[in-house]
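Let's start with one chain on its own, the form predicted alone, as structure tokens.
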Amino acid sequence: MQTDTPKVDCAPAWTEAGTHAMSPLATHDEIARFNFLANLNKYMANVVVGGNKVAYDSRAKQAFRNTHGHEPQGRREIRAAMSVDPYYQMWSALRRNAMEMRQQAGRSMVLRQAEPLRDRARSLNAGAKNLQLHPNTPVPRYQSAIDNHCMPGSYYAEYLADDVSAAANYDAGMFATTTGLFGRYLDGAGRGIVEWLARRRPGWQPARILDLGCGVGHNTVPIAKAFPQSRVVAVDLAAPMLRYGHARARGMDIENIEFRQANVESLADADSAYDLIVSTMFFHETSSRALRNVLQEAARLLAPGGLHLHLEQTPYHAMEPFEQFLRDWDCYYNNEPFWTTVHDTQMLDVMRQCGFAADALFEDEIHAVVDLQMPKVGAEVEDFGRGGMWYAFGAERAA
């Protein structure tokens, strides 16, 4: 009797990631490392994480009650109870080591080919008017004080002239970190935005689009492809990300994106310069002050009839305290110090304070749209903030 072949419950192979003109070249062993790390991340998110609740219910909660005379109240007391529990310590150490190993795997791969990658980017970027670098752009402390998600030197580190190695590391390793949930080209959020806009404003063609904190343009590219007649400006602090992103987009025959180095808290554009302003997973890498500065800039830059839309981490507001505690892990152990505050922030309240009318505000949920060529695997589970669903918020301006 013939039976259906079961769906394999493993992460997509790293070789399933989409390749492009700037893709680093990997050896057999480098691919094997990424495959191991992707499956370790998937196993941690599907299986190992569940033991934390067992440990909490069976011993950590009671130990806290014995010491304090009451059960833990809220995620901070749950963290106090769990921080001394051996199961949580084991899970936490594995997650931290997995991220450090992922950075080590990516850096060792790209640094051995740093000069060829640099030369490839130089060739693709030669004579480009759409790459605007400003070396004197100051790096704010919320970036300079940390190595974001254990990435040595963060996004902007340069080890040779016109370096792109930080960007190549980020691009190559993200597929393993997210176990394929963002799609072959890591553009699931951008594709999700395009589909959301098509439902919200059928037939709308924004002439001027701004992407805040664009990185290498993973999510800028699908937006630019959806609106080929639009002028798209993608802004980031990090020159390596912009060099790499521009070269990557050019290799994909995307010519309507200007990659610009600047701090998005204060841009040189005139008032009402953009019809559509977007960001994807950007605010959690800033600060409370920067968040407000950026939203005030969005209020200034948004044209009549325009819309701005931001994708971020799921808020804590209606979330169970134990899940809040688990999601807080990135704040304490993954070099994301603003992570918890972003989860706690009432974004619509902040936007009202930044000048947006209450009746113009909205909240929604946007899921990653993954390209059809992406292999399907079993039990795709969000890894507490690194999954394919985001909280979306923004505002529309009256025409």
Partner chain sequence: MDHLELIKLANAAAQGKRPYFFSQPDVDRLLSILLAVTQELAVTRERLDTVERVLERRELFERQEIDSFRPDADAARERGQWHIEYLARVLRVLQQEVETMQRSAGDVSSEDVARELAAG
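Note that the structure is predicted; figures quoted are calculated from it, not measured. Numbering follows the first chain given and starts at 1.
Note that the form predicted in complex with the partner chain isn't included here; everything after this is about it.
Quick one: which of 196-204, 103-111, 214-222, 227-235 gets within 4.5 Å of the partner chain in the model of the complex, going by heavy atoms?
-> Result of the contact check: 103-111.
May I ask you to choose, among Ala45, Leu37, Met351, Ala60, the residue with a heavy atom within 4.5 Å of the partner chain in the model of the complex?
-> Of the candidates Ala45, Leu37, Met351, Ala60, Leu37 is the one lying within 4.5 Å of the partner chain in the model of the complex.
Work out which of Gln73, Ser288, Gln89, Ser266 lies within 4.5 Å of the partner chain in the model of the complex, going by heavy atoms.
-> Only one listed residue qualifies here, and that residue is Gln89.
Hey, in the model of the complex, does Thr345 get a heavy atom within 4.5 angstroms of the partner chain?
-> Outside the cut-off, so no.
Partner proximity in the model of the complex: Asp119 to the partner chain, non-hydrogen atom cutoff 4.5 Å | Result no; Asp119 lies far from the partner chain in the model of the complex.
Though only this chain appears here, would His367 touch the partner chain in the model of the complex if you measure heavy atom gaps against 4.5 Å?
-> His367: no contact with the partner chain in the model of the complex.
Indicate whether the partner chain has at least one heavy atom within 4.5 Å of a heavy atom of Asp271 in the model of the complex.
-> Because no heavy atom of Asp271 falls inside 4.5 Å of the partner chain in the model of the complex, the answer is no.
May I ask whether Ala93, Asp147 and Asn335 all come within 4.5 angstroms of the partner chain in the model of the complex, judged by heavy atoms?
-> The answer is yes; Ala93, Asp147 and Asn335 each reach the partner chain.
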